[in-house]
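Take a look at this one chain, the form predicted on its own, written out in structure tokens.
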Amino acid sequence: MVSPDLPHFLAVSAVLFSLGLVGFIARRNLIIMFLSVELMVQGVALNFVAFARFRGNLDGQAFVLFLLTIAACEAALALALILAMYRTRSSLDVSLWQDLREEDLEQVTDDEPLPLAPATAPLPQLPLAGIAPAKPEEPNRV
């Protein structure tokens, strides 16, 4: 069985990075954009590990450890920000966040904004713990 060489690792790394780039450019959902950025970071990390293995030193692998630590912190902060932004606007569409731009930049309007999600009925609530509520009496069947 042939062990993969540096070009194989670089090809997989380039595919990961390209998929992340296409996902970031093509989508307007904040969570999909965030996951696309994470995919690009993983492609770069694989690139570092491949070159560290090819050169025979551990510098690239040590850098990847720091990169993964920073990516984990960034994931926690980004998801908290996305959740806070969703609570204020009830949508994850990026085009609704034009007011976060710098003041000297003009706003970009989309030709086709995403439709808003339909209002859903509230979820059913579970009864409090304790004695089960009484069931309505069933009519006698003859």
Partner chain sequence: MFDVSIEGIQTLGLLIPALPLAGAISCALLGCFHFGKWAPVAAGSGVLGGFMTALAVALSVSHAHEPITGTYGTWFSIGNDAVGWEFRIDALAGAMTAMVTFISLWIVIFSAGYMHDDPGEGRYFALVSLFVAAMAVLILAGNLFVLFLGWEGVGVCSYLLVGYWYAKPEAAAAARKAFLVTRLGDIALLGAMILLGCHLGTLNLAYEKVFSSPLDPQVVFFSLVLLLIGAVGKSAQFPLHVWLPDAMEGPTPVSALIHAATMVTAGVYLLARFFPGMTGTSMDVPRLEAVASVQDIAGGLGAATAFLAAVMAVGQWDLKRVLAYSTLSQLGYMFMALAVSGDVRDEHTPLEVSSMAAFAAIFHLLTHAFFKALLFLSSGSVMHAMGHVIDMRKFSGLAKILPITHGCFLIGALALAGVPPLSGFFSKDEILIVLYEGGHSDSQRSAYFSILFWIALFTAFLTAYYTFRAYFLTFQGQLKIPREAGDHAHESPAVMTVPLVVLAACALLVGLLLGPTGSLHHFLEGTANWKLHESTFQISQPMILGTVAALTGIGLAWLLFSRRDRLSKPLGALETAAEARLYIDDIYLAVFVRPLATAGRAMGWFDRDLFQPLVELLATIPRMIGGRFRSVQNGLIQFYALAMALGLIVILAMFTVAR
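Residue numbers count along the first chain shown, from 1. No experiment lies behind these values; they were computed from the predicted model shown.
This next part talks about the form predicted together with its partner chain, which is not shown.
Checking L68, L79, L105, A62 for any heavy atom within 4.5 Å of its partner chain in the predicted bound form turns up a single hit: L105. The closest non-hydrogen atom of S95 lies within 4.5 Å of its partner chain in the predicted bound form. Although the partner is absent here, A14 sits far enough away that none of its heavy atoms falls within 4.5 Å of its partner chain in the predicted bound form. With a 4.5 Å cutoff on heavy atoms, F24 counts as touching its partner chain in the predicted bound form. Interface residue remark: M33 is counted as part of the site for its partner chain in the predicted bound form, having a heavy atom within 4.5 Å. Annotated contact segment (heavy atom within 4.5 Å of its partner chain in the predicted bound form): 87-95, selected among 41-49, 87-95, 54-62, 70-78.
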